[in-house]
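First, one chain by itself in structure tokens, the form predicted alone.
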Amino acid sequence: MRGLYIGRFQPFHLGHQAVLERIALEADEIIVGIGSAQASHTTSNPFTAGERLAMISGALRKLGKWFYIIPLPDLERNAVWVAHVRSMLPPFDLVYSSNPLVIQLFSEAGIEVRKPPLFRREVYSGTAIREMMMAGDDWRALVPPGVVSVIEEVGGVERLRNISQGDRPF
């Protein structure tokens, strides 16, 4: 059985890791769709699809499952989004998501959706981790070690701080 898990992974954190570990108990193969793949260099989406792919691949190797990591650019037409996703991915049997819109769209398309339990969502949140990065707080304990390496390699914290400043008058 091949399962699909879609997220923005901005950045990939231990909550995502826990969900994927849970999916690995059920699925023989896992497709990880990197959502909003076209977005980068903003405070909501600071990392490129390639950077997110590097973050995720290191974490997935430990699962001992066959996996695919595929960037999925946004399509601003929800009514045809599932067809778009299907066209970009290998065939899959079911979708894992806690996102209400994703659940609705795949359910309407007749695809089984399982809602994985969220793992300490109050702690493991991409938004909170990005805010910690900008504030200079310790965010490293909230992501796998390989993610720390990728973020440091690309200067992710500095990028996030720079882009969060906006334009300044002279």
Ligand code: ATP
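We number the residues from 1 along the sequence you see. Because the structure is a prediction, the values reported are computed rather than measured.
The next section is about a form of this same protein that is not shown, the form predicted in complex with the ligand.
**Q** Can all three of T42, T48 and V154 be found with a heavy atom no more than 4.5 Å from the ligand in the predicted complex?
**A** No, none of the three is in contact.
**Q** Indicate whether the ligand has at least one heavy atom within 4.5 Å of a heavy atom of S107 in the predicted complex.
**A** Looking in the predicted complex, residue contacts with the ligand do not include S107, since no heavy atom lies within 4.5 Å.
**Q** Counting only non-hydrogen atoms and a 4.5 angstroms cut-off, does T127 reach the ligand in the predicted complex?
**A** Looking in the predicted complex, residue contacts with the ligand include T127, since a heavy atom lies within 4.5 Å.
**Q** If we define contact as a non-hydrogen atom of the residue within 4.5 angstroms of the partner, is G7 a contact of the ligand in the predicted complex?
**A** Yes.
**Q** Would P117 show up as a contact with the ligand in the predicted complex if we use heavy atoms at 4.5 Å?
**A** Within the cut-off, so yes.
**Q** Can you check 8 to 16, 156 to 164, 21 to 29, 143 to 151 and let me know which stretch has heavy atoms within 4.5 Å of the ligand in the predicted complex?
**A** Careful reading of the contacts points to 8 to 16.
**Q** If you apply a 4.5 angstroms heavy atom cut-off, which residues in 87 to 106 are near the ligand in the predicted complex?
**A** Contacting residues: S97, S98, N99.
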